[in-house]
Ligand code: PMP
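In structure tokens, one chain follows: the form predicted on its own.
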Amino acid sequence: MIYLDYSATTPVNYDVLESYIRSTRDFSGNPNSIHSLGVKSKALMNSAIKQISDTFNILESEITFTSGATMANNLALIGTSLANMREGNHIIVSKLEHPSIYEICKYLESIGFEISYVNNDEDGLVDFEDLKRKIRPDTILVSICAVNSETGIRQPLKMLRQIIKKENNNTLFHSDMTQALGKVSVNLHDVDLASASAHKIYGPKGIGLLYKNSHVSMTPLLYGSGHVNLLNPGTPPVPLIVAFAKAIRLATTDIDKRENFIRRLNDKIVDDLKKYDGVLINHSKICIPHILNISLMNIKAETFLHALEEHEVYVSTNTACSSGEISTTVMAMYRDAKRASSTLRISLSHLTTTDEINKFLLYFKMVYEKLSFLKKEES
């Protein structure tokens, strides 16, 4: 099997899984309970939370655990919008976001908020001047992802924050960092709010987090008992929290070394695929190497994907959450509907081997030639 869909999800790291199993087996108490078993579980959980806060140099109280990045995005956008609606009802997002952001924006529009979409240049970089123009006195929130999930476009969050705060110091800045964490270095102090998910960094599915700077006001979307997680009440999932903390620590170790290795793999694929007349590389200088997006101009992407699958090669069309739809990111970059409607995403990992890439390129050639021949026969 050749797995090249790491941006959709990742296999759980063995050490992370061991942490999950051990904490499930040995720490069965509810951390909200005051008896010794509960105290023991709470101590383990607090230790894991401290590991995360130390990694990102943030306060432990600024971490809210969620079911994943989608829930974190909901909390970030809806929670802060409701809490700050007296100051304004205007929100700005980029045209390069994960589908969950756009669904949240649709809901916010339905209850009276105004959404503006900031432009980007052909490389995918947010248009700084357009962002400046769009920020108003009633702009309460800007949401721009750190790394785009379809093409790997990386935004300069520190610079964007400076622009936002200069135009309106009261405007909050949120970033979906789901595709950035574990791939490139991130600084949570560049934003007011950030979302992330464990299963993207070799952790378990079912847990994510929201970073919320202590100065940010937020209206809870859920209500219940429990004193640990006021924005997501209930019994904290201690084993998931422990495993997430372990995954974060491992994923942020040797990150530059891993990135350099993955860049060499990316370059090898690009050098090979750019030889095909019917293949366009949807890539720019600000893309991270972990994600490579291509357009098949003469072959249906879904057909190509399933043909590769017959050889146990696994890639995706665009994001896992918008599979089969037109790529909004490629459309925003190139303004070409045909190019945006037939994309494949190849996503790499430090676990990917050179041998796997060599085999992938061989299978790609076989499938491309076969499907091109069949298309000619049909015509």
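Since the structure is predicted, the reported quantities are computational estimates derived from the model, not experimental observations. Throughout, we count residues from 1 along the sequence that is shown.
The following text describes the form predicted together with the named molecule, which does not appear among the structures shown.
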Select from the listed residues Arg258, His199, His90, Lys95 the one whose heavy atoms reach within 4.5 Å of the named molecule in the predicted bound form.
-> His199
Checking Asn266, Ser100, Asn120, Ser295 against the named molecule in the predicted bound form, the residue with a non-hydrogen atom inside 4.5 angstroms turns out to be Ser100
Hey, in the predicted bound form, does Ala69 get a heavy atom within 4.5 angstroms of the named molecule?
-> yes
Residue contact check: Thr80 to the named molecule in the predicted bound form, 4.5 Å heavy atom = no
Evaluate Ser149 for contact with the named molecule in the predicted bound form, applying a 4.5 angstroms cut-off between non-hydrogen atoms, and reply yes or no.
-> yes
According to a 4.5 angstroms non-hydrogen atom cut-off, is Thr171 in contact with the named molecule in the predicted bound form?
-> no
Can you pick the stretch from 107-115, 120-128, 212-220, 173-181 whose heavy atoms fall within 4.5 Å of the named molecule in the predicted bound form?
-> 173-181
So which residues in 72-96, when you check the named molecule in the predicted bound form, have a heavy atom no farther than 4.5 Å from it?
-> Asn73
